[in-house]
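Okay, so here's just one chain, in structure tokens, the form predicted alone.
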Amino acid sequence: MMAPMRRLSFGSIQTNMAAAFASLILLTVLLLGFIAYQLSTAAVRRSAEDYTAELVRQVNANIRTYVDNMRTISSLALNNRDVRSFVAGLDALPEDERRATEERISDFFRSILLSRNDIASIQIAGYDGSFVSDRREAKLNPYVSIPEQSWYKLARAAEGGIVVSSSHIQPIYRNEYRWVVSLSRELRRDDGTGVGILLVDLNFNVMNDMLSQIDLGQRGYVFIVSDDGNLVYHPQQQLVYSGLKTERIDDVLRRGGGSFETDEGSQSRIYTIQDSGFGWKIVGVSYVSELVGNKRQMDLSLLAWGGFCLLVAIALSVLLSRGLSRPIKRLQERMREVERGNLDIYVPPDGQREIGLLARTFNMMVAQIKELMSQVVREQEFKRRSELNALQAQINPHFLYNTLDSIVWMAEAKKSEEVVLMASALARLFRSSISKDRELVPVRTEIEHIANYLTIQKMRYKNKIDYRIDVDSAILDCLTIKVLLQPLVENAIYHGLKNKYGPGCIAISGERVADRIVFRIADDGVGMDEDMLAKLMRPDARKADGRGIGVANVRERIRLHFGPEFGLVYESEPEEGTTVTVTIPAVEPREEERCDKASGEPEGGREAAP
């Protein structure tokens, strides 16, 4: 999933945001359009089905009215006095009177036909072979037996009930073959004895004209089928009879009412069925593809509106993404300025909450970077000055002059052994202070350095100064700052023991306490009162007292190398002496120093060896 998203990602955030907005808007529009299209299609189809059902109901009502009129005509004929005489029995009448009665019946039937053009003919076929119709001189078809006609048989079997036939060709008249629908019923006497069949033929063309005008789309139609499966009416009845067109007659008869849809692909049809109540089924047939007549127009409209919405979505997405990405781009440009080293950058926060918060955070970050860089510069400068001060302390010109002057004085006094001792101590003092430009040296080197220094000072001041060095051998390989103790020992000599009446002693000790190394430089000199001690411990001690220069230098070097949790602690009592406690972390020697030690290379380099 992530791989396709990465492939679809664009170069800039504005393009990505525009693409995202456009996709979301387009997806929403397409989804809403699809739902609206489906709902509209369903609504139009439902309306078309309701229209078809209503149309079929109207056709059914018209057919029922039509058939009811036929029944009314048949009842009117039965109530005619001459027809009742015919039923009562014409055999008992004289021939001339019988003929006159038949003529009056014929005239009566003719008068009905004159008022109803939808009736093709009315006739009575007696069981005794008599035949009376609306035509006085009716010429019957000699090749057709009336008792063999289906309408005749069905009416006789119905014993007085009305029988409505399907559409058929009436062949009883010579040279006349009309498409009719026949309504027939048996004429019965009062004792229930049947005497003949009353036949009313309806003009099929009238029904055809009425049903053919039904509009159910370009290919929709209405047909009528009887309960026995025979077609009463179908606009393409000949095609159905010839097998070129099929209808779901069995499904229509099985369902009896309602509607069903066939599964014929693009030719699927919906059958809507109404029962006439007298043995006919009125069926409306609609093609599914025509129910939504304007489907193509709807498709084109959907495409047109979809394209318009896509253009609007793209335009809105570009405008929105440009507005949202503008502050981000401005922030990006400021970041590039910072990358090029320009820290005098300020991004004005705008009104957008997240972007404004990001701009404020960026400004704070740049300010902190600037402050940290300034702090690093200050610390490096101070460190450089501290190293310079340490070097100056190491090669103090007065110390060097006095030492060399002592060597000369001892040489003139022929004290060769003392000359050798002091000169050797001076040489080792300078050699041990050289440590391949490394700031950290082993404790062993620092102790050798301070031992050489005290040897020289003891020879200069003779019995005035004595010293003891007691350092745990377990910490000799640990690392400490180069020339860490000399400024403190020098302070003890020049500000503690030098002003003391009588000899003095400096005791130097070192031990490991947990993960720390603790050095103590204790003298029994003149000591300091509380005010002087407080001034010495102030951060600006170098400005307050000459002793404070070395103390502040050592304190700052410890802080820069090991952090503010390490440093110096002074304890002093006037006329009792002073003790300085130096605390540094227990730093184990690095591998390179182990190698130097293993190779026997002396600290300070070979070139400095005597």
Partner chain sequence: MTTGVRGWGRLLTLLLALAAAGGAVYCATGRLADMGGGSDRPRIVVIIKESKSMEFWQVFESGAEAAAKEFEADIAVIGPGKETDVDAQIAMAEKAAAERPDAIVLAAADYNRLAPAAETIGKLGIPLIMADSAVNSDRPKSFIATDNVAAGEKVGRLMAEQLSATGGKVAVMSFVQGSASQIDRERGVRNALEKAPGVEVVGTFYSDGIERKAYETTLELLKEHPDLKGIVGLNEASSVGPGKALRDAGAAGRVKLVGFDSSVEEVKLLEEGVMQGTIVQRPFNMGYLGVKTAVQAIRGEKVPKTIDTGSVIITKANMYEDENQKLLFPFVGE
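Numbering follows the first chain given and starts at 1. Remember, it's a predicted structure, so these values are computed and weren't measured experimentally.
This next part talks about the form predicted together with the partner chain, which is not shown.
Residue-level contacts in the predicted complex: of R248, R538, R468, K245, one residue has a heavy atom within 4.5 Å of the partner chain, and it is K245. Put simply, of A304, L404, L331, V377 only one has a heavy atom within 4.5 Å of the partner chain in the predicted complex, and it is A304.
Stretch-level contact analysis of 232 to 240, 492 to 500, 470 to 478, 339 to 347 against the partner chain in the predicted complex, using heavy atoms and a 4.5 Å limit, identifies 232 to 240. Taken together, the three residues Q218, Q297 and R322 all come within 4.5 Å of the partner chain in the predicted complex, as judged by their closest heavy atom. Although the partner is absent here, F430 is not a contact residue: none of its heavy atoms lies within 4.5 angstroms of the partner chain in the predicted complex. The partner chain in the predicted complex comes within 4.5 Å of a heavy atom belonging to P171. Taking the partner from the other structure, the partner chain in the predicted complex has no heavy atom within 4.5 Å of any heavy atom of R360. Though the partner is left out of this view, A534 does not reach within 4.5 Å of the partner chain in the predicted complex, counting heavy atoms only.
Heavy atoms closer than or equal to 4.5 Å to the partner chain in the predicted complex belong, across 155 to 194, to the residues S167, H168, I169, P171, N175, Y177, W179, ordered by sequence position.
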